[in-house]
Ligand code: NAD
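Below, in structure tokens: the form predicted on its own, a single chain.
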């Protein structure tokens, strides 16, 4: 069994909760990483192969992300060991059991993540009155439906273009993981003149150098099909997306899809991390040595949590999206300027900035970032 002390440092985690409710078939983990700036916000991820290490890494990413975004919240994350494609009645029972189990953990605010959505957050809210990313009918700003993370990602990409001598008009984009983040990022970038040349999901890849029809791909996903079933393009396996030559490569699916072993296969100039921890540290180092600019996840994909936090504090959709655009543009520029001036990889620059903000918040608290 993994030991929490193997992943602990001066920032956290503040609390790790292992949850097991046999009657509901629930096995889950909650990691509250740091709450110095305020209650932690982090998504609920559902997948059969999640782990404590993954949960802790994601929770830390949320601490850094929320600090980088200047939010009055710390970072946390939860994972549920289950197949998210289960029948809805079973999923509702599992989510409600999970919500009940974390009801007393007031320093954690749940949000949607891979395998969960606004409806799941509605169930959590019904049980404990504490979640973000709610359906519009409950006063929420539906993050996935509107594409808050993709909106922020598009602005981060635009801010990064001067640092890699790229023009968005005509830039070729490949999206690994054509879900809510990947689709909306592609949509917003295409509206600015980019050409989406490839997209993938867990079942396959579709590639068309002249550009893909995003509407057609979206309809396929709505019908429960793979993007690889699109007739207008060359289909391949899910892993083929990494070999597509492009200018901008967006990983928007699972962690660690690019490692030291396959990083050399990437043929791109800019990687904008739409998913959380999609590249290993070693992979980022390999790409940096090759001159590929990599926008760290907790900088580039913060749009969703900014929107969630503003929803939690009663902001409007317009105010939230304006804040996302402003913060992502500013933070990306700040990080890349620091990386350029200090001649260090963007992640090192970003971690330095974010950790400094967390430690300043910890200095104001009696017990630092602890619960």
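Just so we're on the same page, rigid core means the largest C-alpha set that superposes within 1.5 Å between forms. Positions refer to the first chain, counted from 1. These figures come from a predicted structure and were not determined experimentally.
A second form of this protein, the form predicted together with this ligand, is not displayed here; the remarks below concern that form.
Asker: Please tell me which of 262, 218, 202, 84 lies within 4.5 Å of this ligand in the model of the complex, judged by heavy atoms.
Answerer: Selected residue: 202.
Asker: Among 140, 238, 115, 233, which has at least one heavy atom within 4.5 Å of this ligand in the model of the complex?
Answerer: The residue from 140, 238, 115, 233 that makes the contact is 238.
Asker: Within 4.5 Å, heavy atoms only: does residue 74 come near this ligand in the model of the complex?
Answerer: No.
Asker: Flag residue 179 as yes or no: does it have a non-hydrogen atom within 4.5 angstroms of any non-hydrogen atom of this ligand in the model of the complex?
Answerer: Residue 179 belongs to the contact set for this ligand.
Asker: Since only the chain is shown here, I'm wondering whether residue 127 would be in contact with this ligand in the model of the complex (any heavy atom pair within 4.5 Å).
Answerer: The answer is no: residue 127 has no heavy atom within 4.5 Å of this ligand.
Asker: Given that this ligand is not shown alongside this chain, does residue 276 nevertheless sit within 4.5 Å of it in the model of the complex, heavy atom to heavy atom?
Answerer: So residue 276 counts as contacting this ligand.
Asker: Heavy atoms within 4.5 Å of this ligand in the model of the complex: which of the stretches 209-217, 286-294, 93-101, 194-202 has them?
Answerer: Among the candidates, contact is made by 194-202.
Asker: Go through 33-56 residue by residue and record those having a heavy atom within 4.5 Å of this ligand in the model of the complex; state none if no residue qualifies.
Answerer: Result: empty, none.
Asker: Taking the rigid core as reference, does the Cα of residue 309 move 2 Å or more between the shown form and the other one?
Answerer: No.
Asker: Superposing on the rigid core, I want to see if residue 335 changes position between the shown form and the other one - specifically a Cα shift of 2 Å or more.
Answerer: Result for residue 335: no, shift under 2 Å.
Asker: Superpose on the rigid core, then tell me if the C-alpha of residue 68 is displaced by 2 angstroms or more between the shown form and the other one.
Answerer: Result for residue 68: no, shift under 2 Å.
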